[in-house]
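Just the one chain here, laid out as structure tokens, in the form predicted on its own.
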């Protein structure tokens, strides 16, 4: 075997996954400077090192960690970590091939897509063979300095000023444009485009539905008021250099009415969560999440907050701390005692996305590097079980469907394997068991999202991270009772990009799918399907539609319908 082939085979032996986790941080670029670095004949200038750090932070850190110790993807350390090969032993040539072409387990083909140029690809191959730079600080003082109240609460409308059906608005992320578009779900008209910060990850609504909260991968949180005739940004702040999650308080009960009182933002870099006033975004509390793995192992400074959900039954946020494998149940009823009132439950690494079962009492979350789904009984603050599923589960929030044979099921797809795991959630002998693995057509994995609706007979799934260009553009529809494939859609040829993220409208009779193209192309779209006839009924397009990804319907998001 030629040396070149041997190196490539070794490189391909560690199948890692990298999500596009882009964020911008001028402060990071300013504070993190370096002199020439030399190791094993690799030398980067100050300018090259600054560029490489930005690319890694934008594109790779989400899965491999800012300190490159690994999470969803493996570690990328020069000397290895005992589990994965040392990057300096793999060498530049093999690393260039991986970064260019991707891997079947979900590693995107950054070079082949054109996201990275050949020069940038080689730069990153060299960069990961050098020691990782230190993680910068971001303090409460920095957060307070970033806070900007644009429209005080007293100056906002006291009733909707629009005649549109604002509860059927969609918030559409225009990822690389750093914007969010508000679209009227009834008329399909664009209502507003708002500058929200780079690479928004998700949108969440206030409990009332009036406000959208956006969180970007640059750590910027934005408060959008939907009641004016044209929706507008009324406050903004910054919780960290990098973030993924935001959620509002939803509890109303004997301990008080906390609906829309607070929001929480989970930081990736640095690792902490921040609580803000929900109406003004005034920062109130910062809590670091660093700690021991599963409560007793190695101590980690980088213990990033992945997903967060809010309980309707208790004054709790479910906060998933990725690297440590700890689920925190954060009790916000008394911010002065938040540390002592927080329950910390050891589960499994590395925690990622998840959602509620249909009762809203059990939370299911992926520990995707371990191929597990963790089930938490939130009212009783305890771990129920850990379920073996396929390779690298990625549920998003998952979806709940009612099947005639098995009753209620919660479904997750997988990045690393072409299966959809259907987990029974009703009490009985099948509870918390995978009762059906739906095999997806085509080799490999690549599923990012699944979606259904209480009024629908269908389960929808994408393949956005497949290494197969055809599968990337495919949308699958399954019958929720037979659990069999009934139709496959392919993105029309006039649009360029991957099919990603399904969202229903308020009435549950339409499914909106993004065609996620490149930033420099104007051939992206949002495709709208009739959920009953399974026909394409509307195409939203235009040069303003730059890298559309997630879509969030106001009513469904406010009511946790998924």
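A quick note: this is a predicted structure, and the numbers were derived from the prediction, not measured. Numbering follows the first chain given and starts at 1.
Another form, the form predicted together with a small molecule, is not on view; read the next lines as being about it.
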So which stretch, 144 to 152, 352 to 360, 122 to 130, 93 to 101, is the one near the small molecule in the predicted complex (non-hydrogen atoms, 4.5 Å)? 352 to 360
In the predicted complex, the one of 367, 375, 306, 475 near the small molecule [non-hydrogen atom within 4.5 angstroms]: 306
Partner-free chain; cross-checking the small molecule in the predicted complex, the single residue of 268, 410, 317, 169 with a heavy atom within 4.5 Å is 268
The small molecule contact at residue 448 in the predicted complex, heavy atom, 4.5 Å: yes
Quick check on residue 501: any heavy atom within 4.5 Å of the small molecule in the predicted complex? yes
Heavy atom of residue 250 within 4.5 Å of the small molecule in the predicted complex: no
Proximity of residue 217 to the small molecule in the predicted complex, heavy atoms at 4.5 Å: yes
